[in-house]
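Consider the single chain below, provided in structure tokens and representing the form predicted on its own.
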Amino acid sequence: MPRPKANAKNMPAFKKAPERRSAKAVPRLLGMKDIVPSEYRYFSAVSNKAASLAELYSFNAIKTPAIESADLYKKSTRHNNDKELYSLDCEKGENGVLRPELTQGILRAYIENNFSELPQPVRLYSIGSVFRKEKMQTGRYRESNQFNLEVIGEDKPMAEALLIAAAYNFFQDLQANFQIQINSLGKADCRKEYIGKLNSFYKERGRRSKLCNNCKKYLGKNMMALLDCKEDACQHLLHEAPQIADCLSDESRNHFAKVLEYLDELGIPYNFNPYLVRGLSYYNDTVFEFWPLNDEGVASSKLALAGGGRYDNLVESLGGRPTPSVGLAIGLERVVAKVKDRLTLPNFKEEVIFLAQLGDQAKIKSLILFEELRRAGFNVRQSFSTDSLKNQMEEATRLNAKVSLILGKKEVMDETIMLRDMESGVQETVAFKKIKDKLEKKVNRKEGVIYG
């Protein structure tokens, strides 16, 4: 069989074919985003970090459908929810929507599967896509991915502290620069008094005219939505508005004070923001967000990395028993964009084994060997769709493989395999049945990895 050149470094570099786009090519929809291979490595690393962290904090994974009943969101809407939803016609006249959030689907599953019969609280986490008709602007997508943590069936302030601590450690591990914003909305009676004060404030002469057009529509209807507006003019006016802290009941004030006390004891810094309300109507008492910091150390509310809070009435509003709960959502695309430049990816340079083959019999035997090595925990790669040995070795070089295993007709007959050190170019013939033992000594691999 033909032998490759002695030095892998002399091989031609992998070249990207010039892009050819047809005039009839169909583009992606507005607001959607491709996560291409060069970016997916970072997305995968952040997602894996999220899942690992959730399990360390004793959360159990759950996966819910991307399509839910529209009724699920009627009593848990954000102030502009109807315009954000993607509606679908389902069977038997059902009104379906592409889920705009993960929380409601998780709570539906909690109710439907009788999780209330389990020891409380129930800790669940989920990673999945959400769909919203977002206003077109940088950093916002109509399909995005969220990492959610939900503590269901817990009324103690430690639940909020737990979620904030988990997110804090997540962002710290990723070396993200952020600031925690936190506030208390109190309960319904507290907000009723506060909304009256807020309404009087914005109706004073000259203030209404300074609001954006959307906020003008909310006057007298959804006053809390005014506090969530990201327009600069509305934000500037907000700093003169009354604070909800002045309307909190003793119960809500004590609960919030305890949350802050826990954060202080954990050494987690935060910024008390008396105007933080979140965009959803179902929150009560503690709410919080993680705002990114720019190079000058200034926090921005326009593209929060994460947010959450307490929602003690949501489970009951969806048909379940009264169940105090608290949740957190992290936007994965925003996190990746923030930490990509400083994120350290796993380096497999010393671990990659590339499996090359020539001929049909060699290909079949290589497929069997590939599965054996993969199940043994080796980081093995291949290009079975390529017949050219030269092209396969170019792929091995591109992957920074430590060794390549080359199997041809002669090797199949002799029950051997060619092992090539990709750095030195040195090749040796190894008995096929001894190749795993040889690789154990030559290639590092992760211990305890089980595939299949």
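Just so we're clear, the structure is a prediction, and the values are computed from it rather than from any experiment. Start at 1 with the first residue shown and count on from there.
Beyond what is shown, the protein has a form predicted in complex with histidyl-adenosine monophosphate (HAM); the following relates to that form.
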Inset, instruction - Report whether all of T103, R132 and Y283 sit within 4.5 Å of histidyl-adenosine monophosphate (HAM) in the predicted complex, measuring from non-hydrogen atoms. - result: yes
Inset, instruction - Using heavy atoms only and a 4.5 Å cut-off, determine which of P324, P157, G307, G186 is in contact with histidyl-adenosine monophosphate (HAM) in the predicted complex. - result: G307
Inset, instruction - Taking 4.5 Å between heavy atoms as the contact cutoff, choose which of Y141, Y270, F370, Y168 touches histidyl-adenosine monophosphate (HAM) in the predicted complex. - result: Y141
Legend entry - Stretch in contact, per heavy atom within 4.5 angstroms of histidyl-adenosine monophosphate (HAM) in the predicted complex, of 260-268, 90-98, 116-124, 297-305: 297-305
Inset, instruction - State yes or no: in the predicted complex, is some non-hydrogen atom of Y194 no more than 4.5 angstroms from a non-hydrogen atom of histidyl-adenosine monophosphate (HAM)? - result: no
Legend entry - Q146, heavy atom within 4.5 angstroms of histidyl-adenosine monophosphate (HAM) in the predicted complex: yes
Inset, instruction - Determine whether any heavy atom of F256 comes within 4.5 Å of a heavy atom of histidyl-adenosine monophosphate (HAM) in the predicted complex, and answer yes or no. - result: no
Inset, instruction - Examine A329 and determine whether its closest non-hydrogen atom to histidyl-adenosine monophosphate (HAM) in the predicted complex is within 4.5 angstroms. - result: yes
